[in-house]
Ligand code: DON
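One chain comes next, on its own, written out as structure tokens in the form predicted alone.
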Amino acid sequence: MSCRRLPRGCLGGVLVLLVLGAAESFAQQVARPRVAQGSGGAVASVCPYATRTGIEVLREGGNAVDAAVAMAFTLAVTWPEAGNIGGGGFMLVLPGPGQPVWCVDYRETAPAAAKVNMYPLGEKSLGARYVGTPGTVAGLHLAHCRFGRLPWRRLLRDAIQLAEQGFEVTEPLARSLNRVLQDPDSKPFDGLRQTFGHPQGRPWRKGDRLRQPQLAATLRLLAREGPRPFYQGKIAQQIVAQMQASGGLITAQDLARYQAKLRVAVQAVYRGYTVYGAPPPSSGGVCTALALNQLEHFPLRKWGADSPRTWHAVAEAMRRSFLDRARHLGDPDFVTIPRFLTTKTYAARLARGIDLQQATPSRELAPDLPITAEGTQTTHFSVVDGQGMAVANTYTLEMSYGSRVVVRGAGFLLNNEMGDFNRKAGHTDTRGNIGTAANLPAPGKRMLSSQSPTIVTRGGRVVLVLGSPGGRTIINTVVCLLVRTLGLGEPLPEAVAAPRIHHQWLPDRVMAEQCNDPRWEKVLQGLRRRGHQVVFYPGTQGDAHCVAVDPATGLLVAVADTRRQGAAAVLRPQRPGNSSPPQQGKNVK
């Protein structure tokens, strides 16, 4: 189900890069995901500049990891609300057909000064006290060292040029910049206004040029010397000076001790497909596996996408997955993650507890947890190259523009990820504050994440790469997409366009996207009749940029979501003796 069916023939083109601003309404937005089709490599991201960078790296002989690293640095320049070098994330890598899937964990860590109950409930997580030790630069370098092909310096070239020479601001970026600059909460952050304010003191408009010379100098240093200056050199000194000036916690020792980690991906089998996700400290892989394993017990395809029973079962599986997220998940270097969470046996027991006629109150599922009555800006991109290597990368500053602290002299934003730890030990309430022990802060600990980069294979070959931003909704955006594609058999463009739901155990409600399709209203009415409280988002859920692969033909379909902004591109392999560049769509910039 989508709000408006896609027209036939929408997958045409050899190299297609569609760059359009966000539409006026949700119904218009989701009706036209950006789609490109080809066979030599595919990229989908939120930003036209990042997508162009990725496709150019593939064209020059780079592999999917090379393209992903270059895209991540480009997004740090051109999508500053979430693209970053001062944050962290997770990169899922399938090196090639039949090979194991790895996760590069570059999640931020708590400074040595971190302690339990250090942040009050309800306090906005802004400012230097909320900055975790950044992992992005270390993580991208680890991915490149382990899997990359092109020189490291090449992968930062586009980002440096865009920061130094500037680039034309898109309409979505103009809105984003104006929103954060006009926010009263941004008033204390001089560096934010100096770095991202318009040179003429007016609001940003589409077509204006944004230059970031300090960031360009930082990126040049990283291009020459790798990550060392960030953690033990000049950039580290700049970060520490900013912490001292702003009341932050990070020390030189915190930066020097940081390490990105290579972990084995979480794995689940769903209806003949193998689904890989990020392991803890991401909760994405475990929760996705747990939801899919429950949903295998219900005939979703027989019921269909328009059936309230389908989405009731999905909501109930989400509810139970998020309860186990709250009970058990955290940094595996600090807590023991139960192995049973991803087993078929455990999921079958949970599925037996789902009443298809009635919603289960969340409180009834957790009588042992004391319940008191009482950020979402990330970005994801997907890459598949012509040799079958696949990358799903999700990274973030946590909230839009992170802590809003810009490192003086270095020109980049720092995250506010410390707000992802549980705030108060033992305090779990109906508003969604969780106080379970697994995710309480501790020195050097990675905070729990909902980032869910996902790779799906069949017969050892990639068939789907996906992910999304959206805070805790990330997991359930991925679940919705997997249910629609793998469970219901919808084509990827239609699945991306379709409305989504989210249930996170507490608060006990189904969040839903509004849609002008009467079939979706029928679904929501059916959820209400089963006892669900259905609440509409004021905006949209997630921003999924995905790539699908037909393993029989090698056909690649890159789909860029349009809920925020989107750009999809594919690369045709050049024929022998043909040195002409790939054909480009009309809207390439």
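Heads up: residue numbers just count along the shown sequence, starting at 1. Given the structure is predicted, the values throughout are model-derived calculations rather than measurements.
What comes next is about the form predicted together with this ligand, which is not displayed.
Novice: Looking at 128-136, 183-191, 296-304, 391-399, which lies within 4.5 angstroms of this ligand in the predicted complex, counting heavy atoms?
Specialist: Going through the listed ranges, the match is 391-399.
Novice: Verify the flagged residues S449, G470 and I474 against this ligand in the predicted complex: is each one within 4.5 Å by a non-hydrogen atom?
Specialist: Yes: each residue has a heavy atom within 4.5 Å of the partner.
Novice: Please run the contact check for E417 against this ligand in the predicted complex: heavy atoms, 4.5 angstroms, yes or no?
Specialist: Judged by the heavy-atom cut-off of 4.5 Å, E417 is in contact with this ligand in the predicted complex.
Novice: Considering non-hydrogen atoms and a 4.5 Å limit, does this ligand approach T378 in the predicted complex?
Specialist: Looking in the predicted complex, residue contacts with this ligand include T378, since a heavy atom lies within 4.5 Å.
Novice: With the cut-off set at 4.5 Å between non-hydrogen atoms, does R564 touch this ligand in the predicted complex?
Specialist: Heavy-atom contact with this ligand at 4.5 Å: present for R564.
Novice: Considering non-hydrogen atoms and a 4.5 Å limit, does this ligand approach R500 in the predicted complex?
Specialist: No, R500 sits far enough from this ligand in the predicted complex that none of its heavy atoms falls within 4.5 Å.
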